[in-house]
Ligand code: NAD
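Only one chain is included here, represented as structure tokens and corresponding to the form predicted on its own.
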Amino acid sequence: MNIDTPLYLDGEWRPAIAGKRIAVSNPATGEVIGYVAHAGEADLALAVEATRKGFATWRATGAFERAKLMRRAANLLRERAEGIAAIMTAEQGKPLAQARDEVLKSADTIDWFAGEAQRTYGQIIPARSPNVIQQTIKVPVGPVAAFTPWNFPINQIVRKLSAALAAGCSIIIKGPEETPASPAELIRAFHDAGLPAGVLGLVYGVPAEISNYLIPHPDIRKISFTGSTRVGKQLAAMASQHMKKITMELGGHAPVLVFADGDIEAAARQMAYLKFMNAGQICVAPTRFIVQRPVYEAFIEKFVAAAGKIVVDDGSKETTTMGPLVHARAVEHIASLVEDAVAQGARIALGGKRIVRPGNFFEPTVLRDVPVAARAMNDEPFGPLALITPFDTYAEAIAEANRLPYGLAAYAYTGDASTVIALGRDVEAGMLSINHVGISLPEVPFGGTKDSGMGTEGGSEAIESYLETRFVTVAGTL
């Protein structure tokens, strides 16, 4: 498969003005499979000017018309799901089934926000005088700059894109250079659905150069970023200097609290699937398994049995259930975390090694009895590494769950109603899923607390950060 990806500027697909390109490799083979256009300052200037004009057009388009166009794009995405999934697997590595699922769920997200376009309600506020009307109205904040990662090449974009378009904003997306072609297919669906020129732009290049140009630009009024906490803090600081609205979806290190009265079989099965999905390259991936001592050995046995059934191979094969990591350096990172943990007393229950073959493969790995001092217990692994440690009391479990500065996702399994209530109060996470996997749906909030971010990218609240509230008061004469 040979995939070349141009920029999308002012309603047209075009190469970078300077002609620069970046090579794209298949992480399962290491082979170059295409090139992506490398935007320079001239391209970015064109993108901003186009999105400024596009905003004037799109904000004047009625909510019902915006929603109709968005639904056309969603249907095109569904019709093209098989071809897009093949592209995503080639450039990102995830199994075809997971790539296909990402495309289809992204279409659902577009549909959800299309409905939200028609629900940006204001208020009538009771006035003190009978001849005064006080009201708030919602208006789009303006052109948006969005920065997205490679682990979910379409899903990470579609949340930002759909919320922006539903609100009436135009948007420039800085897509992931590692996985450029599948996001381009998302943008193509909107182009083919009839989105006016300038409403949507897509650029690739050096992330720092693009953020340094777009964030301070006076025509950009809102910033949305998904990525590491370190970079997110830098971009948030830059945006605050220019009084820009921000949404930040940053790193995580999700705890899983498994209580002795929980369904151990379901916990092991569901969490093993989620842990090793996308080779563990998920910000909400369960990572620290904090298991009550009476069921500690039983949970490890069941979890290892479930993880041991994973088939690691090239994601283009239908039998594959876990593909490669996206970078060779990611393999080195996981290997170093395993080595450090074992040196500090952790024991390998499954895996623990690189898979010697072309591509960036690592075994699904489970470590037990992992000490708190191990690097993996403190730094986000972002790979196929599960860490299991025991606890005795509820207080100990909560202390470990909340120990880190991250607060994105958390999971728990318990059969006790009072524990369920207490967990909702005590676990410091933006999302807590108890007794099942129930996050990342379009209709529910998606976001974190503490160092894991600011704002949400799902549910009815997500569109709010793309809107401004204006107060209008009118006095009449009787």
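These numbers come from a predicted model, not from an experiment. When you see a residue number, it is the position in the sequence shown, counting from 1.
Keep in mind the form predicted in complex with nicotinamide-adenine-dinucleotide is missing from the figure; the text below concerns it.
Although the partner is absent here, residue 227 sits close enough that one of its heavy atoms falls within 4.5 Å of nicotinamide-adenine-dinucleotide in the predicted bound form. Using a 4.5 angstroms threshold between heavy atoms, residue 185 stays clear of nicotinamide-adenine-dinucleotide in the predicted bound form. For the chain shown alone, residue 174 is a contact residue for nicotinamide-adenine-dinucleotide in the predicted bound form, at least one non-hydrogen atom being within 4.5 angstroms. Residue contact check for residue 147: one or more of its heavy atoms lie within 4.5 Å of nicotinamide-adenine-dinucleotide in the predicted bound form. Contact with nicotinamide-adenine-dinucleotide in the predicted bound form, judged by any heavy atom within 4.5 Å, is made by just one of 214, 235, 195, 307: 235. Note on the partner interface in the predicted bound form: the residue among 156, 360, 247, 109 having a heavy atom within 4.5 angstroms of nicotinamide-adenine-dinucleotide is 156. From the list 389-397, 267-275, 84-92, 247-255, the contact stretch for nicotinamide-adenine-dinucleotide in the predicted bound form under a 4.5 Å heavy atom rule is 247-255.
Contact check for 54, 72 and 114: none of the three has a heavy atom within 4.5 Å of nicotinamide-adenine-dinucleotide in the predicted bound form. Contacts between stretch 324-363 and nicotinamide-adenine-dinucleotide, counted in the predicted bound form as any heavy atom lying within 4.5 Å, involve 327, 329, listed in sequence order.
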